[in-house]
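The data below hold one chain only, encoded as structure tokens and taken in the form predicted on its own.
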């Protein structure tokens, strides 16, 4: 087992519940359980892929780690430092170590600022260097992510989607972080551009010794870039293992269903298609037992009444399913 001091990120029992208010008295009448009791870690130089269908809580988890949302309960540690309740200058200091690349590259860039200013701003705002030095550093980052120096003075609307995402990556690198959270960082891009951005991220990971949390719904993308993969369903982490282990020996029925939907050219390697019945439950009213029980083809009676506990096998493969209790 990896020592804690080798982990860039550690999450212990993180929950993120959003209150539901009644329309008249504004009382809390329930909660949307977007993230429900998730524990995981990311090692230095590792890419952890987080996959799951829309609405499973992937993006919310990323925002909780960045402290865009304050978690309902649990503990977040960056490089061993507890940041769960950090505020002000303490939080600002931690955010230098952890940066985010957002899904929509245009919405995440200020349309009134030139992109050079967007990339250099973190450096002088955090008093790492003066504006002239920050501009010089930003130009170096532009070159490193595949942009020209002449692009430095343009506005975001003058770029293509792939170029805007390169700007977002350069901005994330400016403060020399240990961890980058990429939230659907290539899903809004053309397939050919996706490959370029993924290759760039892999190069930067090796060069800057970065750790990534790569959030996506695309299994082909996560297979290309990840070292380990975590599968989320309805706010829960239902399975976590090395990439090869997940693709070759999936244990959770939901993971099996996801993998059966991946197109495979070689007929001999195709899996039997698993069609899930029913709809994804409302996260405000999740099932009383296993969150996947109403759609699971292997559902047993215990699944309807008791939530499964996480099991860790000898090879480190984690799964939360009654089939393995």
Partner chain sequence: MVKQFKKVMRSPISWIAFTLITVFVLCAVLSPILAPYDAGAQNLRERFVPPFWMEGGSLNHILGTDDLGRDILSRLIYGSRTSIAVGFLAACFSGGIGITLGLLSGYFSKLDGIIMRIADIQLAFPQILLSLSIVAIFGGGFTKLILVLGITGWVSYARVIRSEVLSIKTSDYILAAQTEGVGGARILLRHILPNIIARAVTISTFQMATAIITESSLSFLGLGIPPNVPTWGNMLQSGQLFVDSAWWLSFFPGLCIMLIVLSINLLGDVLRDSLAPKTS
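Predicted model only: the values in this text are computed from it and were never measured. Positions refer to the first chain, counted from 1.
What comes next is about the form predicted together with the partner chain, which is not displayed.
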item: The partner chain: the contacting residue among 86, 145, 109, 78 in the predicted complex [heavy atom, 4.5 Å]; value: 109
item: The single option of 227, 121, 184, 245 touching the partner chain in the predicted complex, heavy atom within 4.5 Å; value: 121
item: Contact label in the predicted complex: residue 66 to the partner chain, heavy atom within 4.5 Å; value: yes
item: Residue 151: touches the partner chain in the predicted complex, heavy atom cutoff 4.5 angstroms; value: no
item: Contact of residue 171 with the partner chain in the predicted complex (heavy atom, 4.5 Å); value: yes
item: Interface membership of residue 175, the partner chain in the predicted complex, 4.5 Å heavy atom rule; value: yes
item: Answer range among 137 to 145, 228 to 236, 111 to 119, 190 to 198 for contact with the partner chain, defined in the predicted complex as heavy atoms within 4.5 Å; value: 111 to 119
item: Non-hydrogen atom within 4.5 Å of the partner chain in the predicted complex for each of 99, 125 and 164; value: yes
item: Interface residues of 76 to 95 toward the partner chain, as seen in the predicted complex [heavy atoms, 4.5 Å]; value: 92, 95
